[in-house]
Ligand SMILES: Nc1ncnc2c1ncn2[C@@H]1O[C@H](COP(=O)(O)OP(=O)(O)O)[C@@H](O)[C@H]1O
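Read the single chain below, which is given as structure tokens and is the form predicted on its own.
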Amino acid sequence: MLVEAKTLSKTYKIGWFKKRLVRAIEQADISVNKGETVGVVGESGSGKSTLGLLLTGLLKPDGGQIFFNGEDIASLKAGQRAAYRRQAQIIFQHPETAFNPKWKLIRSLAEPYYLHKIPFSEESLFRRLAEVGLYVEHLARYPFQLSGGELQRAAIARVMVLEPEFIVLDEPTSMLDAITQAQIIGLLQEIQKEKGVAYLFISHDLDLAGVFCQRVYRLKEGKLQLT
């Protein structure tokens, strides 16, 4: 088992004056095997993104446990936790959030090499571009000069520099037209076949999740249930 969550819970306090508790995730159990794609579908505000943030360690749960390769991530030491954060990545619905609007694409794609002390070369960078269907000329462009599909491809390339084992795909195609959506899904499938990466695919589209995923959970009122 690559990723496993047991009795996971997360509650938010909302409201300006009179605070009230909203349970985004309640006693959730979910697992993702190596090389598998698991879907989570639900309406907007159902807690899907919260679940993704919990499983990648970007948000702390109020209760329950998350295991990565059999280890409870809450018990990881600083160095181990940094390694986990590299192995568990997330790609968001709005790919522009992954890029500094003032930077050309080459700087944004080079950044993870330096942050994680990965040996950098132009050859390595060009290879990452080719893997996602982008070209050298894209490197000289700013994010606003790229289409939504090109930005999402660049976001995927940036994440794959880290060679993660697990990626949360938080509605990565919902802002794209049907043709580009199909192209991105095909790209993700190719990457999975070649790299063996596991996905948690978050979507509001049950039909798409059913085609892309081996198993699909429905999230409603904070509770997960297999479809």
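Everything numeric here is computed off the predicted structure, so don't read it as measured data. In this text, residue numbers run from 1 along the sequence as written.
The same protein has a further form, the form predicted together with this ligand, not shown here; the description that follows concerns it.
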- Message: Only one of 48-56, 27-35, 182-190, 159-167 has heavy atoms within 4.5 Å of this ligand in the predicted complex; I'd like to know which.
- Response: 48-56
- Consider the chain as shown here, without its partner, and state which of His116, Arg81, Arg141, Arg127 has a heavy atom within 4.5 Å of this ligand in the predicted complex. Arg141
- Message: To verify the annotation, which of these, Leu146, Leu134, Ala98, Ala110, has a non-hydrogen atom within 4.5 Å of this ligand in the predicted complex?
- Response: Leu146
- Heavy atoms within 4.5 Å of this ligand in the predicted complex: does Asp62 have any? no
- Item | Partner proximity in the predicted complex: Leu206 to this ligand, non-hydrogen atom cutoff 4.5 Å | no
- Indicate whether this ligand has at least one heavy atom within 4.5 Å of a heavy atom of Val211 in the predicted complex. no
- Query: What residues of 1-38, in sequence order, lie within 4.5 Å of this ligand in the predicted complex by heavy atom?
  - Reply: Tyr12, Ile14, Val22, Ala24
